[in-house]
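Next up: just one chain, as structure tokens, the form predicted alone.
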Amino acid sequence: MLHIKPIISSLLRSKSGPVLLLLQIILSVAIVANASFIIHERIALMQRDSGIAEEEILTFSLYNFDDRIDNAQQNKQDQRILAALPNVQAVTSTNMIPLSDSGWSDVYVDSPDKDIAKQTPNFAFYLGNEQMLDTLGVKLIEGRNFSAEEVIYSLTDAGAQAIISLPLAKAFWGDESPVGKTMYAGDSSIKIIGVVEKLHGAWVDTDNFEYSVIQNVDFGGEGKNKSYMLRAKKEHIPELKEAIVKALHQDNPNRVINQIKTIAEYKASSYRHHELMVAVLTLMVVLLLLITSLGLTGMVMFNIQRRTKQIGTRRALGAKKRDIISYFMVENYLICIVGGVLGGLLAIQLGQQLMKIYSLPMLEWQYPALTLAGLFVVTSLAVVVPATRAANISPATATRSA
């Protein structure tokens, strides 16, 4: 099986075909390894647990045209209407929608003295009432929720409280509990009363995606344009989309209700470019492997045609079919090993450039190794058929045809 020296001599006698195939394998390993790494990264991003009951939360925006409307009172009335709809579990006004790629962000500082104040990381800034946690379906792991009496109606009102996400708590306070701490935003002081396990923000590509804060502000009364979130079981969501419009227009027809979507629909839209990238890169990987295997098959078929007499002579001298097959397999493996090693080195260099330019994580060594292993399998399948066909040529036919 291991007639390596004559195989290498044969490859060196006719360099152009093997060299082209070697270059193809080098490029394939480098590109496929990095593409596979990026595909895995994108899929991992899309599969992150947001901490939110994405398919059970229905959101919409509402705009009142009537200048005579008292927005604060209308906000309370609208929430009563929404809460009274069949199968609705919780309702809150909000200033932003999770995973929607649009919203508010802010920072707190830990002292009113600007000279010594330490600033938190930038976080997604949610405003909502005492039903906000139940509406989102987030898990409270420390402290408590707002009570209805503690809800205020403006960011400038006294009595501001906040519930923060655990990643933000760990990023700023480490292992120390943030519950009971007082933070500051401008001239306002905010008391932290609770911590939720997870709550993602609006921008799926930001580094601070897991840093979030909910402040106890019923924001729906601030103006004519409002946003609401309500929660119901998934099977009741379609009927609620119609029921919301009907009930709110029945109370006051002089307003527009739009963007009625679930958080899951917003999430799908926000991750659409990641899905497109995964699809394109997957197609590219498949095509590269296919082209490489076809190239190797073509080279083997060419070699078989060129070496028909040699194959016949070897068979006449007692070589078995498996010897002929192993000859071509070893030839394939030699090219794959050389191309795989050089391709792996190129993949690491390419990964470092992508890391610098696009802030991607460092390419892990497993990806070039797995790519080479996959290439071994694909090229083995590509070689075994023509090699078997060559082995089936009878010595007499082979020597006559030469």
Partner chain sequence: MFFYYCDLAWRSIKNTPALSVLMVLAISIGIGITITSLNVYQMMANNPAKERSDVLNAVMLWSQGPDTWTKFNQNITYQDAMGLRNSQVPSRQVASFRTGMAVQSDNKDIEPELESIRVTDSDFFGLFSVPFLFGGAWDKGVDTRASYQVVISEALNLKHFNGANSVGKNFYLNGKPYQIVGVIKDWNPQPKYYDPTNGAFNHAEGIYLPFSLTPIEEFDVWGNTNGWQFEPMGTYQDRLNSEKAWIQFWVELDNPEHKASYQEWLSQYVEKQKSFGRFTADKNPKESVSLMDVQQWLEYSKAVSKDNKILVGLSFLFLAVCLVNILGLMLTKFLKRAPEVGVRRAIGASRGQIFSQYMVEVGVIGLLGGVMGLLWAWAALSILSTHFDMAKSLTQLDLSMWFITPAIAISTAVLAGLYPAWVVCRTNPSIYLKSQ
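Residue numbers count along the first chain shown, from 1. Computed from a prediction, not measured in an experiment: that's the story for all the values here.
Beyond the structure shown, there is the form predicted together with the partner chain, which is absent from this document and is the topic of what follows.
Partner proximity in the predicted complex: Asn225 to the partner chain, non-hydrogen atom cutoff 4.5 Å: Heavy-atom contact with the partner chain at 4.5 Å: present for Asn225.
Heavy atom of Glu275 within 4.5 Å of the partner chain in the predicted complex: Because a heavy atom of Glu275 falls inside 4.5 Å of the partner chain in the predicted complex, the answer is yes.
4.5 Å heavy atom contact, Gln24 and the partner chain in the predicted complex: Output for Gln24 is yes: heavy atoms within 4.5 Å of the partner chain.
In the predicted complex, Ile38 touching the partner chain (heavy atom, 4.5 Å): Contact check for Ile38: yes, within 4.5 Å of the partner chain in the predicted complex.
Heavy atom contact within 4.5 Å of the partner chain in the predicted complex, the stretch among 211-219, 255-263, 73-81, 311-319: One stretch meets the cut-off, namely 255-263.
Answer option from Gly180, Pro86, Gly298, Pro112, heavy atom within 4.5 Å of the partner chain in the predicted complex: The option sitting close enough to the partner is Gly298.
Residue (of Met329, Ala185, Ala247, Val151) lying close to the partner chain in the predicted complex, criterion heavy atoms within 4.5 Å: The option sitting close enough to the partner is Ala185.
Residues within 4.5 Å of the partner chain in the predicted complex, restricted to 272-301 and counted by heavy atom: Contacts from 272-301: Arg272, His273, Glu275, Leu276, Met277, Ala279, Val280, Leu281, Met284, Leu287, Leu288, Ile291, Thr292, Leu294, Gly295, Gly298, Met299.
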